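In the form predicted alone, a lone chain appears below as structure tokens.
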Amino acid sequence: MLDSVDIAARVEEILAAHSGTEGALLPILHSVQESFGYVPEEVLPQIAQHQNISKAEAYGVMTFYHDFRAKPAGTHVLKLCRAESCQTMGADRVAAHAKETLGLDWHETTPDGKITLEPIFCLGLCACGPSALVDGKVVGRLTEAKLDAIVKGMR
């Protein structure tokens, strides 16, 4: 587990790697998330100062994009497609089942830290909807029963 000094040092390395790069905020945020699994809120002032923007701007960009996390994700990440095509194929029903089964809302993690539930917008599997991304692997034609089997395998 990294302490705040280690985190600040790693972020400084990331900032140095992007020094002089125009429009580096998003690549920096991606690098920070890749390093820690999330973007710790305490690093936003450090990033903002480096990018010569306000902390509010850095926070606004980080929170605008759904793929940036403010907290560590669970061991497994279950992303359910929320795009229109999947919705017409039953994604709302599957999402409601997932929320009820896991006892979670979007962007939440089970208390044991094993599963994080996130929305995702279009995986390009419109012909196979509803679809999901399970630990980075695409799953098509998702049903409540298929979801239950996936969740069982995660626990």
Partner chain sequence: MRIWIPRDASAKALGAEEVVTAVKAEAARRGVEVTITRNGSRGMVWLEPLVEVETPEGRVAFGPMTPEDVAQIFDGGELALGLTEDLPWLRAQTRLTFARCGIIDPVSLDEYRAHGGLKGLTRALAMTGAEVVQEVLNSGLRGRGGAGFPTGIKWKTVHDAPIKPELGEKKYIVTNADEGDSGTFADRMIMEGDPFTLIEGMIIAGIAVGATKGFIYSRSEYPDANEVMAAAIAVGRVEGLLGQNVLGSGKVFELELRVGAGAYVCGEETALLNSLEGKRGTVRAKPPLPALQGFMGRPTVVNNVISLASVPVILAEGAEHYASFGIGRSKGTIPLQIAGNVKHGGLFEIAFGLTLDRIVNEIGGGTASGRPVKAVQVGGPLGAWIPVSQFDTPFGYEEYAGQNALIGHAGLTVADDTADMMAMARFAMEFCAIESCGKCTPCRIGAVRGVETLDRIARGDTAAIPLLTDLCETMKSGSLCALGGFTPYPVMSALTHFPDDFTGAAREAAE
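Numbering follows the first chain given and starts at 1. Rigid core: the largest C-alpha set superposing within 1.5 Å between the two forms. All values derive from a computational prediction rather than experimental measurement.
As for the form predicted in complex with its partner chain, it is not shown, yet the points below apply to it.
*Asks:* Just to confirm, with a 4.5 Å cut-off on non-hydrogen atoms, which of 104, 95, 89, 48 contacts its partner chain in the model of the complex?
*Replies:* It is 89 that has a heavy atom within 4.5 Å of the partner.
*Asks:* Only one of 15, 134, 147, 25 has a non-hydrogen atom within 4.5 angstroms of its partner chain in the model of the complex; which is it?
*Replies:* Contact residue from the list: 25.
*Asks:* Can you tell me whether residue 113 touches its partner chain? I mean in the model of the complex, with a 4.5 angstroms heavy atom cut-off.
*Replies:* Because no heavy atom of residue 113 falls inside 4.5 Å of its partner chain in the model of the complex, the answer is no.
*Asks:* Given that the partner is absent here, does residue 19 sit within 4.5 Å of its partner chain in the model of the complex, heavy atoms only?
*Replies:* Output for residue 19 is no: heavy atoms all beyond 4.5 Å of its partner chain.
*Asks:* In the model of the complex, does residue 100 come within 4.5 Å of its partner chain, counting heavy atoms only?
*Replies:* No.
*Asks:* Under a 4.5 Å heavy atom criterion, is residue 82 part of the interface with its partner chain in the model of the complex?
*Replies:* Flag for residue 82 set to yes.
*Asks:* Go through 122 to 141 residue by residue and record those having a heavy atom within 4.5 Å of its partner chain in the model of the complex; state none if no residue qualifies.
*Replies:* 122, 123, 124, 125, 126, 127, 128, 133, 136, 138, 139, 140, 141 sit within 4.5 Å of the partner.
*Asks:* Relative to the superposed rigid core, does the CA atom of residue 90 travel 2 Å or more between this form and the one not shown?
*Replies:* Shift of 2 Å or more: yes.
*Asks:* Quick check on residue 114: with the core superposed, does its CA move 2 angstroms or more between this form and the one not shown?
*Replies:* Not so; residue 114 is displaced by less than 2 Å.
*Asks:* After a core superposition, would you say residue 146 shifts its C-alpha by at least 2 Å between this form and the one not shown?
*Replies:* Shift at residue 146: 2 Å or more after core fit.
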